Each structure stands twice: as C-alpha cells, then as structure tokens.
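One chain comes next, on its own, written as structure tokens: the form predicted alone.
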C-alpha cells in the first residue's frame, strides 16, 4: 500500500501501521507538514539573559539562531549566510556582539540586518541580503519558533498558558541543570508514551508514589476537586485546556499525594518555592504543545522537555530544570537531588520507547487497539493524521 493510501485508510482507535514509525518518506512528510508548519519549543529566555547571548536549534535541515537583541527582546534567524550559505553560528550557544560568518566575514546585526559585506561592489545593496527571519513568540519566558511562512494562530496558546506560568517567574528564573538523551525511537512514540499512564503502575513506582491516581488503581477526582478550591483561593489557574478539533496545546493542574511536597524521590522539597509561590502546595502543572514541548512544574522547580527528531529512528530529548532566581546552589538546592526524580522517571520512559520501536520493526508487527485509558493517545494520533491529510490535500 502506498503512502497516500496508508494515510487515507487509517482507522482511528488503532496504533499506526509500521511505516509511520520507520519509513523515511513518511518521516519527511512529518517534517514538512508538522515540524515546518507548527510552533516548536526552542528554549527559555533564561538561557539568553544578556544582549548578544544566543543558542542554536537544529530542526531537520534547518539550523536556527535564537538571540537576545539590543532592545532586550528575542529574535530568531535562519543560521545560513546570505553570501554562500555557510553556517554563521557554529556553536550551540554563546555570545555575539555581531553575527559574523566565519567563511567570508559578512557581518550581521542581532536583528539579522546585514551590516558589512567586505569586497562587494559600490552598488551592492546590503538591505536585500538580511538573514531570513523566523517567527518567534514568547510565553512567560518560554520561546516558541515556527518555520512556516504563515504559522497557525499562536494566541490561544499565549492566552491559555500565560495564567498557569506567570507565578513561576520563568523570565527571571535560573537554569540549574540540563541533560540531553539520544534515543533510538520515533518521535511519535515518545509523544504517545507521555499521553497515557496505562504503563505507569508497573514502569514508574517513583511517579506513582508521588501522584494521586497515577497507578490507575484509585481515583483522583475527590482530591482534585478539593485542591482546585484551595488553589483558586491562592490565585492559581485551575481550569484545564483540552485538545479540541485541530488545536495543539494542553494544560492541566493535578494533585500530588498529601504527604508529597515536590517531585523528588523522598517527596520532600528540593528548592525554595519559585516566583510568587509561597508554599509547596501548588500540585503539578502539566503543559503540552505539539509537536515537541512538555512541561511538568511543581512549586519549587520547573522541568521542560524538548523533543527533536533526527530521523525516523532517532530523536534528541533535551531536558532543563529551572529554579527560583534567588535560589543558591549548595544552600537552597543540590543539583543531583533536583534532577534525580526526572532522571529516574525519564530513563524508564526512554527504555520503554526504545523497546517499543524495536518491537515495531519486527516483520510481524501489526497495529493493535488502544485501551480506553489511552484516549489521549488516540487524540494525538488523530491530530497527527489530520495534519498529514491537510498536508497532502494542500
């Protein structure tokens, strides 16, 4: 069956046929119709606190420069010189008063405008050779970019995420730790894994000890209703955002167990409360923005996850841990203790996702039915297939 037929004949409620995880042609369609079309989480403004601070983010064939400009804002440009196409920033992060191509030393301002092009003729018009811009949106310190000429409306994400994120004061937060994993799996399997807790009881004992209902043996409804009243009294956002139609963002706040203060292996706080938080009773804030962004935040730290596909069988997963701007390492927090919960839980997930991919490669793999508890996986897969259908229809 050819690719178009596979897309048109997919039946909702079943896992995807093998080709959607392993086929190079479908991977290229994913890149074209989703990754080059939608909004991608790039990083946080705390990564680039000073003017000229930058980091690069590579998505498929496109390297993007995200830089703090002279006005203190954030701009993004394609990392390709307008002369002969060389990379301009060859490091993943740094500081650059000006952006200078290392090949023939064309020089660009932080806003992407061409400043100098040595040895070019007198009638050379520099204004025609600025760096190609990339769309940027900032939500309370989170940086999103889009490679599309006309990206989807970002306002619902901005309006929906803002009230949840504001108390954490992420724009002034401290990036306390980062970690990258290179996984042999397809990006969609990571997304599917993080949209269900069918696997949590057996795979994540640490997570289940922290979160009410994660083991699927108990209901969190009563606890949630009580906590929503308490959270609302503190001014915390509690009304969740679900995926509807072709939307691509999600938000939820859910309770930790009564004796648990934070995401830690012993349940105790790992740092001082972040931003406007005054205690360790804000529950867990979970945000998702397809195709590559996850956040889990508790009162004392924020954990972000950025997924980046490299091929059908390879992904980078970049994790960051943020703490309050005034938190002092060695006094208010210890890095190893800060990261240990998600290091343990994440590595459990990475193993599951890699095992899943290896099994899908089998000549005997066949799509199977999703369980009722995997409804959110169904919603993601339906969203994904809808985007491919839009793409090939367009």
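Residue numbers count along the first chain shown, from 1. This one's a predicted model, so the numbers in the text were calculated from it and none came from an experiment.
Note that the form predicted together with a further copy of the same chain isn't included here; everything after this is about it.
Chemist: May I ask you to check whether residue 242 falls inside a 4.5 Å heavy atom distance of a further copy of the same chain in the model of the complex?
Modeler: Although a further copy of the same chain is absent here, residue 242 would stay clear of it in the model of the complex, with no heavy atoms inside 4.5 Å.
Chemist: Answer with yes or no whether residue 46 is in contact with a further copy of the same chain in the model of the complex, where contact means some heavy atom within 4.5 Å.
Modeler: Contact check for residue 46: no, nothing within 4.5 Å of a further copy of the same chain in the model of the complex.
Chemist: Although a further copy of the same chain is absent from this view, report whether residue 327 comes within 4.5 Å of it in the model of the complex, heavy atoms only.
Modeler: Because no heavy atom of residue 327 falls inside 4.5 Å of a further copy of the same chain in the model of the complex, the answer is no.
Chemist: Wondering, does residue 58 line up within 4.5 Å of a further copy of the same chain in the model of the complex on heavy atoms?
Modeler: Yes, residue 58 sits close enough to a further copy of the same chain in the model of the complex that at least one of its heavy atoms falls within 4.5 Å.
Chemist: Within 4.5 Å of a further copy of the same chain in the model of the complex, heavy atoms considered, which of 144, 263, 168, 106?
Modeler: None of the other options qualify; the answer is 106.
Chemist: 356-364, 25-33, 334-342, 47-55: which one contacts a further copy of the same chain in the model of the complex at 4.5 Å, heavy atom to heavy atom?
Modeler: Of the options given, it is 356-364.
Chemist: Within 4.5 Å of a further copy of the same chain in the model of the complex, do 6, 172 and 304 each have at least one heavy atom?
Modeler: Spot residues vs a further copy of the same chain: no contact at all.
Chemist: For the heavy atom contacts within 4.5 Å of a further copy of the same chain in the model of the complex, list the residues of 73-91 involved, in sequence order.
Modeler: Stretch hits, in order: 78, 79, 80, 82, 83, 84, 85, 86, 87, 90.
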